[in-house]
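Quick heads-up: it's one chain on its own, the form predicted alone, in structure tokens.
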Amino acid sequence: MILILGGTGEARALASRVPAVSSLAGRVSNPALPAGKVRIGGFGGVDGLAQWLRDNDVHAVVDATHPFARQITANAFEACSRVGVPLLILRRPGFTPQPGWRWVDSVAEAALDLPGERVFLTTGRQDLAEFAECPQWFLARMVEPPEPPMPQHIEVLLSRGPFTVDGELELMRSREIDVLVTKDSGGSMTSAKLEAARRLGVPVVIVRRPPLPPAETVADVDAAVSWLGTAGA
């Protein structure tokens, strides 16, 4: 059996090409489901994941989670190492640095000394608390409604991509956005807002990706399919 740790477009594309069980974290109430078998929910940490790999005779694991899903990636590396199951990390390429971008190592660092008064925030609802004490006005876009704490001056926009450059331009103009805060997630769903910011001359604060464990890593689905073939999965 192949286990795909999913939740991304790359994970869904891979599941459409190889027989596998896809695992979703269950943090989104109405996720886009991949082809094939799907399980939803956590494994119970490293121990639970290692036991699940044993119990289900898993021959290979592909971690195709979000580039900022640090904990599940760390757990997958530890569990696969413990059980002796090959692990591949599938990560879409990040963004090429552009003029006007300020790179930071964490969301907490992004919240410090924001270079603007009207902030377009797209780091996700789980990071909203980091900005709770900021005096700026925020437009925060996310898929699921957030929970406090959150900034005092905020408009929450519930929306799921993909987004267009024209749509992002209209949104940023209508809210008079003067700084964009986002993550180096990569992919076309994020590039529209970066292009809109470039055209409008809006500075960008962008959070670097967390480091990956020392596992084999590929950047696209084709390479993942090839790896599964050579791994005998």
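Don't overthink the numbering: it's just position in the shown sequence, from 1. Being a predicted model, the structure only gives us computed values, none of them experimental.
Form predicted in complex with a small molecule: not shown, discussed below.
Looking at 30-38, 202-210, 173-181, 60-68, the stretch with residues near the small molecule in the predicted bound form, meaning non-hydrogen atoms within 4.5 angstroms, turns out to be 60-68. Although the partner is absent here, G167 is not a contact residue: none of its heavy atoms lies within 4.5 angstroms of the small molecule in the predicted bound form. Put simply, W52 is far from the small molecule in the predicted bound form: not one heavy atom of it is within 4.5 Å.
Proximity of Q126 to the small molecule in the predicted bound form: non-hydrogen atoms within 4.5 Å are present. When the small molecule is considered in the predicted bound form, L24 lines it closely, a heavy atom lying within 4.5 Å. Proximity of G44, I72 and N75 to the small molecule in the predicted bound form is complete: all three residues have a non-hydrogen atom within 4.5 angstroms.
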